[in-house]
Structures are given as structure tokens and as C-alpha cells.
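One chain comes next, on its own, written as C-alpha cells: the form predicted alone.
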């Protein structure tokens, strides 16, 4: 049953929650999916961009240093060929001359030059130290130099006590093998790597295959490089690799490694991951802030907009209910107009009798009084009283129906409402040669509806049946019972043996203002009002009609079992049991 506006607070609360949930779902799900996908894709793209940038930078510097070493090795190899064509006895002069030329050409890149015989004794030396006749027979670089045409050593302290590395080239002069070696200025070489810097923490350095530093590492980058990180099999085809590692303290770093071509060294670039991704974090934090602001805005809208919408709906419902009441009242006035002729005829008869009795009493007053005169006065007065009560009863019924509709629901018996309307329309039915027959089910359960609105439905259907049968008259049957197909409803059937409704009109009879009556004979609102009232009560109305045989309206009204008293529920259960036994 449709609830009055005053009782629809719960409905509006549920509607508010549904709209709020719908707004949240429709807004949050696409936004979170979009934000998640965009953030993930942006994070991936930015990470790949950072990795590619660092990888390219490291590879470029590796190639530059490789070119530097190759150039310096080429210088020494050139000197070796020059020495092979000279006299070993003039080795010291050769070294002095060419070291001066190298310094003149390359500055202080070359620290010194030396010639070592096959016994590892440096028999000629030019440089800032006193390394003449130094014994390198057990030096690793000397052993490796004797095994290959040239050799570039790792960085080591050696006899001078500070880091340096040498370039050694095997040379043959006068059928005697020698090693021409040159020491590279470590400071000059180290500056080539130290200049590689990105961000606040990004720095580069060189390690050998054991992970040992071959250049100085910037402060804070003295972390040991595991040999597994610089093994050859970790490098890709382009000899560079980018990886992310965390130290034992849990600090994450991004590493870019590149392998040299002319020496078994590795260029390593290491940067704090937070520093490398700082711009990304800032962009993500900005996005997160915008996302949070958007969430707050959505939450605000989800709490304010549903309330505004529901208020508008409530106001519209209020206006709609007021309009429905006006339509119902209009329909009632139209019905009263249709009843007017029958009511007037119903009142006219007792009034005529009262006038006749009054005239008779006047005639008696002109004659001498005797005992029979008083008896006639008493009889006439009693007749006037009877007819007066009859008029009062008729006007009472009319006023009871005509007063403004009260939508307040109450527990009523459907049979009593039908009997009242049948009594009210009896005179009009007789005037139209219509017989109203009722077969009302006994002890029907109470139904909880508006009595005034139910009266109007019954009266509209009875009046329609009388009008449909016209002057030829007919029979109207009104039956009530518990619906045999669904015991939760009371069934009221109005059937007549009138002309019936054509099939093309049957689907439109509940439309407002649809009527087949002549102009001025009907408003077309009666059945529309009936339909609206029954739907409002939570019931339904159906119609069946066969042209030439008659029309039947079926009204199903719900039984409000929740509001029935214990005695009434027992009564309903008995009725259900009776129905089941009959089946």
C-alpha cells in the first residue's frame, strides 16, 4: 500500500542512501581505475625513461674512457716501435725525450716512463721518482706483460705507495725483449669519472671484475660491489645493464653498469632510488593530492546532492498528492451530480407523503373532534415522523459520501462499505430498471484502507455499470471473498450483463478523461480515479468484458496481517484453512 507523505520518511531515507551509494560507485570506481592505470603506466614510462637516460650516460662515458685508454695505449705502442729501431744503450735518453713530448702534448696525463728487461729490472726510468734498477720480477703487471703484447693493469699502490696504474707494451730491440711501461696520472684519470654526476646522490666509479674500486668513489658511495653484479653474464648485448638493489640497511639504489672493451673493468653508476625518482614521487604526490581533493569533493556531493534531490522528490510527491486529491474530489462531485436525480426522487416521495398527511390533518381541524379524530392525528404525526427519519437517513448517507475525502486508513469490513453504497444507489438503480444483487462472503478479514476512498471506488463502478446498461436495465452482481488464488488479498467482483466494452477501448478505459459517454454525460475520470486509488492501497484492478454479454471488474485488496489483532488473525487462518479444505 502506498504510504502517506507523513509516513514516507523511511522511504526517503532509503532513497537518499541509494542515490548516495550510486554516486559513490559511479564516481569512485571509474576514477580509481583511471587513476590507478594512469599512475601505473606513468610510473612504468618514467622508470624506463630514467633507466634509459642513465644507461645511455654511462655507456657514453664508458666509451669516452675506453677511447682515452686506447689512445694512451696507442701512444705507448708507438713509442715501443720507435724504441725497437733505436739502440738500447740510449734508452734513458729515449725516455727523457719522449716523456717530455708526451707531457707537452697531453699535459700531466703521463707520470713517468720506464724500460724493464726480461728479468724484471727497470734499467731505464724517467719520472719524478727514483725507480732506476727497481725489481718488478714478481709484480703481477710484469708477469702479465710478458704473456701478451700489451697490458693495462688494475689500480695498485706499488713502490710509490699511492694509487696508480700502468700501460705496458712488449718491445723487441736488438733481438732482446723489453717492457716499455708508462704510468698514468691517477688524479687526471679519476677526474674523468668524477665528473659524471646526476642529482644529489648519483655518481660513477670504476671497478674491476672483483668489485674493487679503480677510481675514487664520492663520499657516500663506498658501498662494495659484489662480483656477481659485475660478472660478464649479467650484461646484455649492448654491454650495459640497469638494476635496482638495496643495501643491508634497506636503502634502495639504482645501478647502471657498463663494460669496457679494452680493459676488464666496469663502469658503475649508482644513485639513490628516491633521488632518481624524485620528480616522479613529486608528480605522484601531486596526483595523490588532487585525487584526495576529488574524493573529498565527491563525498561532499554524495552527502548534499541526494538530500537536495530527495527534497525535490518529496515536494513533487506532495504536489502530486494534492493534485490527486483534487482529481478525486472532482470525481466525487461528478458522481454526486449523477446521483442527484435519484436522491431527489428518493426524497420527493417521503416529502410528498408528509405534505399529504399535513393536508389531511388540516381537513380534520375543520370538522368536529371525536375519538377517531385524535387517532387520525396520532397516525398522521407518526407517518410524518417516519417519513422525516427517512429523509434524514437519505441526506445523512449523501452527506457522508459528499464530505471531503479522508485518506486516513483504518481497519474496515469491505462488506459494510458495499452495503452502504448499494443502499445509496438503490433508488437510482430502480429508476434505471437495474437490480443490484450481492453475494458477500461471511466473516471476511479486515482490510486496512481509507474508507472514504474505497466508497468512491465502489460507487464509481456501480454507477458505471448502471450507465452502461442504459434504460434497458439489467443485473449487477457484487461478490466478495478471500482470493482463492492468493489468500493475502480480498477479492471484490463487480459484474453486469450490459453491452460490454469493445476490445479497442478495453486497454484505454483506465486512461484519464477517456469516456465513451456523450458530451456532458461523463468526465472520463471515474475509472482513472479507481485505478489510482486501488494502486495507492497496494491492490490491483482487472477487467474482463465480452461485447453483448457484460463486463466484470475484479478488485484485489491486500489483507494487512501485521495490523490484525489476535482474534482477526485467527479468523484469517480459519478462512485460509477453509479455502485449503475446499480445494
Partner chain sequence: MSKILFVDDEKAFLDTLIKRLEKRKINPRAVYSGEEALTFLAENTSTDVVVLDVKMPGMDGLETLSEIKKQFPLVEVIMLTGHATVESAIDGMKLGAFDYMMKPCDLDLLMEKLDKAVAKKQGHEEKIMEARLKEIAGQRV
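Numbering follows the first chain given and starts at 1. Between two forms, the rigid core is the largest collection of C-alphas that superpose within 1.5 Å. Everything quoted here is computed from the prediction, not taken from an experiment.
The form predicted in complex with its partner chain exists for this protein as well; it is not shown, and the discussion that follows is about that form.
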Under a 4.5 Å heavy atom criterion, is residue 272 part of the interface with its partner chain in the model of the complex?
no
Find out whether any non-hydrogen atom of residue 78 is located within 4.5 angstroms of its partner chain in the model of the complex, and reply yes or no.
no
With heavy atoms only and a cut-off of 4.5 Å, decide whether residue 486 touches its partner chain in the model of the complex.
no
Can residue 138 be called a contact residue for its partner chain in the model of the complex at 4.5 Å between heavy atoms?
no
Residues in which of 182-190, 474-482, 145-153, 377-385 have heavy atoms within 4.5 Å of its partner chain in the model of the complex?
377-385
Which of these residues, 99, 391, 353, 501, gets a heavy atom within 4.5 Å of its partner chain in the model of the complex?
353
Can you pick the one in 232, 200, 261, 345 that has a heavy atom within 4.5 Å of its partner chain in the model of the complex?
345
Partner contacts in the model of the complex for 362-376 (non-hydrogen atom within 4.5 angstroms of its partner chain):
363, 364, 367, 376
So that I can tell if residue 210 moves, could you say whether its C-alpha shifts by at least 2 Å between this form and the one not shown after the core superposition?
no
Could you check whether the CA atom of residue 78 moves 2 Å or more between this form and the one not shown, using the rigid core for the fit?
no
Examine residue 357 after superposing the rigid core and state whether its CA is displaced by 2 Å or more between this form and the one not shown.
yes
